[in-house]
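Form predicted on its own, single chain, as structure tokens, below.
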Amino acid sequence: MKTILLITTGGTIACRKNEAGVYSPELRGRELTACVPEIASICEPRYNDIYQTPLDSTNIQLSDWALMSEAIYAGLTQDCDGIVVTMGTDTMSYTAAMLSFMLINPHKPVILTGSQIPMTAPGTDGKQNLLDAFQTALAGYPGIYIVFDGKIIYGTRASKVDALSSCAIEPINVPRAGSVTAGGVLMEHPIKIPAGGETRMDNRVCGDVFLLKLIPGLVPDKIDTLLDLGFKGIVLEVFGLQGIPTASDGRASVYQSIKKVLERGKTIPIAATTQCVKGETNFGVYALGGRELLEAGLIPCYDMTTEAAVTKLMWLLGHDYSVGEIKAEMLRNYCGEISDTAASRAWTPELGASGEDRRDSGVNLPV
């Protein structure tokens, strides 16, 4: 019988009512699988409850990602057939993306799951999600995935799109990798991990990244203060394809402020993704100064999710790369976070030969 390692962190799936009558994350691994007796009939579970007090995922910090990556890496190098990680849904997409950068060439399945309704509550989706996660791990497809509501989703292509529904986690800009149904696991587009690639862990990160969502009425001169606050990287969520407010009547504009920051902050990378749930950025479509921002150093993220753009920039900033190298690496497909078609048409004056390939896990995902 195959062995699956269950790593628990907390989250809604681990919640039960406390003495005050409210839910809090308390269940450990054995208690979770006891709620789903089918699991014991299909595999031998092993357990690693990595927190003495289970964690609400809204409280996740960089140190938690490091701890999770270390626990997963230990499982990848030990005698188990796959790994399931339970956690809260609020930061699951960020976590799956970050783990995809930290864990290089995972030759076993690493499946993240959770629930919208506590495991101990009526109508919980936790039982089905946990069973689906174990079944997907047992199917043996290597790589980092989220399994939720019957969907198998790439770790770098997921986003939480609903605060209440059981179909809260959705794939963004690519098809789902597969599905889990009553008939079993159907993997349509598995991650392709290079057969000879060594499994490695690199969890060096820098959390000094600011995510700025553009809104109407944003005061332009406030953007310049981000450098003074010590941030080492910025991700902009722009309107639509390339929407950054400009002004033709002499007023200050967000566009001018961003260009000023780019020109002033030659040691800080600034990347741009769309605030739309789906789609991409493309700064060559409209005559609104997009090309000038690229010339000034703006990094277009194309079809990357916000979660992937933020975590990838954090990961790159944790290494001794120059700003020019970071710009080039943001547009390299490490683990499916950016489609090859988007990366191939990327235009930036500083993108060229970036030296040695930083990663050897050229994951190929469908577009």
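Quick caveat: nothing in here was measured; it's all calculated off a predicted structure. Residue numbers run from 1 along the displayed sequence.
Note that the form predicted together with aspartic acid (ASP) isn't included here; everything after this is about it.
Sort through 215-223, 113-121, 96-104, 173-181 and report the only stretch with a non-hydrogen atom within 4.5 Å of aspartic acid (ASP) in the predicted bound form.
So the stretch in question is 113-121.
Complete contact of Thr3, Gly75 and Lys108 with aspartic acid (ASP) in the predicted bound form (any heavy atom, 4.5 Å)
Answer is no for this spot.
With aspartic acid (ASP) left out of view, choose which of Gly82, Pro245, Gly297, Gly88 has a non-hydrogen atom within 4.5 angstroms of it in the predicted bound form.
The residue from Gly82, Pro245, Gly297, Gly88 that makes the contact is Gly88.
Residue (of Thr53, Ser322, Thr58, Ser63) lying close to aspartic acid (ASP) in the predicted bound form, criterion heavy atoms within 4.5 Å:
Of the candidates Thr53, Ser322, Thr58, Ser63, Thr58 is the one lying within 4.5 Å of aspartic acid (ASP) in the predicted bound form.
At the 4.5 Å heavy atom threshold, is Lys160 in contact with aspartic acid (ASP) in the predicted bound form?
Although aspartic acid (ASP) is absent here, Lys160 would touch it in the predicted bound form, with heavy atoms inside 4.5 Å.
Just give me the residues of 1-22, first to last, that have a heavy atom within 4.5 Å of aspartic acid (ASP) in the predicted bound form.
Stretch hits, in order: Gly11, Thr12.
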